[in-house]
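One chain comes next, on its own, written as structure tokens: the form predicted alone.
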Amino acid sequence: MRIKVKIKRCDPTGRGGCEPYLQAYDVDVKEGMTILETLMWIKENLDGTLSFRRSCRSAICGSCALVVNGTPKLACKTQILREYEGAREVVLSPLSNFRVIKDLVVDLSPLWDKIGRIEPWLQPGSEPPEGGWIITKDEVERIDRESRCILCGICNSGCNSQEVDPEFIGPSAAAKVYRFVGDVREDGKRRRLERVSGPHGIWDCSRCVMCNEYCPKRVEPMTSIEKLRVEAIREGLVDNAGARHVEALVDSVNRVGRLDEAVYTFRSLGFLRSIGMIPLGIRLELHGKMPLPHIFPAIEGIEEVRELIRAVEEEE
């Protein structure tokens, strides 16, 4: 079957200074043929100047990550006919949120820098006992998902927070943090949590769930970020807007059984910083969207809600 494959290209040596453009190739494809095999065929038979990354061809190294019809994927495990049948076209682009070097090759230095800053190695507090540590199955399963990460950059490419704030720790590095925070042998847990609890850290995640959706190894980085938030609060690292917001939410539900959104800004940002939100509050009021404080009694059955909260706190 012959289809047209469009590739978003960029030539840094050209006059446009890597100005992106689409180039189409007519390719004969067959059942089971992958995007990576298609790219290799184009390079070998049609255009030797085409640039892309590849290595293992087994969805292990993460080198061949790119964007297929708007969704970041691994080229080596994505079948081209499946993509064509779904969208009636195949458009290949470099990963988003990274600087393009040439064609489908991007600069992954920001990803590696963030991974390096979180010190991705175990930091035990003592030497292993004679015969080594004995790790239970449950303890291994606690960090199993995070251990699957192949650092392909797909989650960072699809991350909305990363797009808005390039300094955001990113889902990939955050997952690596929990891989060690959740390890029973780790002694630097609090220090790791302190590093990611400040600006550009775990509380800046918008919870768009794109990293969970796109991850080719089912690492679920957003879930890792949620677990890091829980651990940070348990360690008493609550001097930030994100943790204060969570505490305000729990307090509101415990008090009246509802979400008292009107007090969130003051509890999360504090009085002085909340003053800067007055213009936004006025615009919300003009559009009838300004929440009012709950002045009504607690909901019926509030004791049952409070009992649930107490049960969770006691379990923790």
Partner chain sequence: MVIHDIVVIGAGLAGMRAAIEAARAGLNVALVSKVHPVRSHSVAAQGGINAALKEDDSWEAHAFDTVKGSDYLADQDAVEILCKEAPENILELERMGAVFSRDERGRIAQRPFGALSYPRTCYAADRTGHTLVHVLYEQILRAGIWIYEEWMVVSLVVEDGICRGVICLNLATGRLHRLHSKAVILATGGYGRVFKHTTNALINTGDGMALALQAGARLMDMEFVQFHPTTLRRTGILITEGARGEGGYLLNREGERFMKRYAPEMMELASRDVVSRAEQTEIDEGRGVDGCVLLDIRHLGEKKINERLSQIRQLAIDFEGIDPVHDPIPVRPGAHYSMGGIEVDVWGETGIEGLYAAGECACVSVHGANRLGGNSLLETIVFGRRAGRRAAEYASSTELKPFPDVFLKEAAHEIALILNRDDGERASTIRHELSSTMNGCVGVFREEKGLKEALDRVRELRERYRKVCIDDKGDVFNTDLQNALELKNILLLAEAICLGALERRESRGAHYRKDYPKRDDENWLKHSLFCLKDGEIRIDYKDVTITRFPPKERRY
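From a predicted model like this one, the values you see are computed outputs, not experimental measurements. Residue numbers count along the first chain shown, from 1.
Beyond the structure shown, there is the form predicted in complex with its partner chain, which is absent from this document and is the topic of what follows.
query: Which of these residues, R142, R195, K189, K102, gets a heavy atom within 4.5 Å of its partner chain in the model of the complex?
result: Checked against the cut-off, the match is K102.
query: So, in the model of the complex, is P120 in contact with its partner chain at a 4.5 angstroms heavy atom limit?
result: Because a heavy atom of P120 falls inside 4.5 Å of its partner chain in the model of the complex, the answer is yes.
- prompt: Looking at the partner-bound form in the model of the complex, is R255 within 4.5 Å of its partner chain by any heavy atom?
  reply: Taking the distances in the model of the complex, the answer for R255 is no, it never comes within 4.5 Å of its partner chain.
- request: Answer yes if any heavy atom of F98 is within 4.5 Å of a heavy atom of its partner chain in the model of the complex; otherwise answer no.
  value: No - in the model of the complex, heavy atoms of F98 and its partner chain never come within 4.5 Å of each other.
message: Would you classify S63 as touching its partner chain in the model of the complex, given a 4.5 Å non-hydrogen atom cut-off?
response: Answer yes; at least one heavy atom of S63 falls within 4.5 Å of its partner chain in the model of the complex.
message: Pick out the residues of 211-231 whose heavy atoms come within 4.5 Å of its partner chain in the model of the complex.
response: Contacts from 211-231: just K217.
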